[in-house]
Ligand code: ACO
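Next comes just one chain, in structure tokens: the form predicted on its own.
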């Protein structure tokens, strides 16, 4: 059986209205705009309103993706939501999105791969469409990280923001679409980046609340060392599987975590920084939403055109890393 060519035919993004600048953080913790900018490249990020959860952001991005693709919601037969910040521990966020947008004919499942989640979800969607199991899949990366960071921890709270990106994945014409991909992981039992409590290993308790271990904790140097190796490794692996070289790439859309990590990857891959699309200065680290937010913004600016060869590359908690090479189809 010949597998179908699979690609993205429409993309939509959404970020909350509330802007949280570095200067806003200066008022609540011991930090400065200069300290944050020089170490991360982040200037501001978006925070969800009190009545917004991850599913709400995901649904808004999904509606835009459907409109941009010219696809009716009834045509969607599967929803895959990549998120590290689900609405609930036991009800998957994809099912809530299904209700919010009226996708009555869709199956629904969440993917937990942190900042690599969008690429993991796209890869799963590719397999489902290529094999004929599904025809049109809605892939979403969405996060409300502002609810999961400790506002007393200056090393982590300034890094993260909220947002969502959605893609319509289906069959595309021959010669275009998702060409190759690489999915990787390294077990991180020491917890370089995790929320220590709130799961079955350490359930919520008064002790947990007192020690604030229900919030994200990160060993910054450990994550940095992993990321500067993982981002280029994943990209090169995906390129090799597709029969490409680094110089063939027109544009790279990396996980938007830290400008220094991306600059390091640029040098290791020998791909000039001009080909890396960055918008982390405006949105911070939005985990599974970040790659899609960057791609969506570039599409709106007309920076990606049909036939361009692009790389989507992520790394994150788990530890996970992933990359996908796409010959853009519209």
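Residue numbers count along the first chain shown, from 1. Please read these numbers as outputs of a predicted model, since none were measured by experiment.
In what follows, reference is made to the form predicted together with this ligand, a form of this protein that is not presented.
For the three residues 30, 35 and 285, verify that every one has a non-hydrogen atom within 4.5 Å of this ligand in the predicted bound form; reply yes or no.
Answer is yes for this spot.
Just one of 86-94, 236-244, 173-181, 219-227 has residues with a heavy atom within 4.5 Å of this ligand in the predicted bound form, so point it out.
Going by heavy atoms within 4.5 Å, the stretch is 219-227.
Do residue 40 and this ligand come within 4.5 Å of each other in the predicted bound form, heavy atoms counted?
Although this ligand is absent here, residue 40 would touch it in the predicted bound form, with heavy atoms inside 4.5 Å.
So, residue 115 and this ligand: in the predicted bound form, are they within 4.5 Å at any heavy atom pair?
Result yes; residue 115 sits at the interface with this ligand in the predicted bound form.
Could you confirm whether residue 202 comes within 4.5 Å of this ligand in the predicted bound form, counting heavy atoms only?
No, residue 202 stays farther than 4.5 Å from this ligand in the predicted bound form.
Is it the case that residue 269, even though its partner is missing from this view, gets within 4.5 Å of this ligand in the predicted bound form, heavy atoms only?
Output for residue 269 is no: heavy atoms all beyond 4.5 Å of this ligand.
This ligand: the contacting residue among 135, 260, 212, 147 in the predicted bound form [heavy atom, 4.5 Å]:
Selected option: 260.
Tell me, out of 158, 252, 231, 139, which residue has a non-hydrogen atom within 4.5 angstroms of this ligand in the predicted bound form.
None of the other options qualify; the answer is 158.
Using the arrangement in the predicted bound form, list in sequence order the residues of 311-326 with any heavy atom within 4.5 angstroms of this ligand.
The stretch 311-326, when checked against this ligand in the predicted bound form, contributes 315, 316, 317 at the 4.5 Å heavy-atom cut-off.
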